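Taking the form predicted alone, here's one chain by itself in structure tokens.
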Amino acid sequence: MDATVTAVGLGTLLGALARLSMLRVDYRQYPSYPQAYVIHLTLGAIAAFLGAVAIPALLAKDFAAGTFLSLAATQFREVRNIERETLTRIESTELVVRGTAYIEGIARVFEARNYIAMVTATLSTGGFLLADAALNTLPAAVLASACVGAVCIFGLSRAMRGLKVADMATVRPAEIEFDGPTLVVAGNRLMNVGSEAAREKYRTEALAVVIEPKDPNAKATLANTGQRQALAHNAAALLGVKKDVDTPEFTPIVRRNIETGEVNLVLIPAERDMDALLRAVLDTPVLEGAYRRPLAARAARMVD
């Protein structure tokens, strides 16, 4: 078999495996249906093939291959749009919504994963051709390609993980109090709870935490309303929540203490476990659209 054909086939396989390795269902529930697996795996295989043929095409001086890569990039941007539209349409069915910032972050991740498949396939094909030219043995070339592919899958997957709230804040339990009808957590007045029955439910069943930012960058990030909505959604998704569509007073509350920059989260979970709530908050991803770095500016460093 021609070495180029073998290189392209192996590169396509490794690129598709890279996409498969990032396709999983968890508490965020995407993708959660068979059609989504078919869509994402098919697009991943197409991305891998386009990446695999790039180097052989350049070696053959067929520069038209660049046009196909540009076309692929356009199609992968459509993946982001499709995911954004799908999640936005089903947002109203969530008891605790994700929020537009969380949805946008999810959509970007799905687009980026196709590029990872493409890059993995390109580098794996290049590794095969380079090893084949240097060693002129098929087993060594296959091994080199597999090693390059494995490094790409592992390295790029780790690079895609991003920050979590645990990287920028500490989280501690907090007591729930009432000042008349006003719900108070760690001295921060959160909201008015008019019903005595609702207040009693908060006293006996609710859990609260204080999220304390480690630096001004974290303080600015946690001030973002999209990031705070993601905290509420994650906590409700992992612990459950005792509310329904007709009980808005039991919707998880996330409020910022404007004096200290701390964020207070209160919810009435289905499973009352403080350790689980602390872990859910710490593991919440820092959204790309919410991440702020004011300390990169001289003015912010002057007031820090």
Partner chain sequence: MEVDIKREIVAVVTVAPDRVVGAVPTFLAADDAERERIASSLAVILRAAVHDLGNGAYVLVKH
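Numbering follows the first chain given and starts at 1. Small disclaimer: the values here were computed from a predicted structure and weren't measured.
Although not depicted, the form predicted together with the partner chain is the subject of the following passage.
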property	result
Stretch from 163-171, 218-226, 186-194, 148-156 whose residues place a heavy atom within 4.5 Å of the partner chain in the predicted complex	186-194
The partner chain contact in the predicted complex: residue 262, any heavy atom under 4.5 Å	no
Partner contact for residue 245 in the predicted complex: the partner chain, 4.5 angstroms, heavy atom	yes
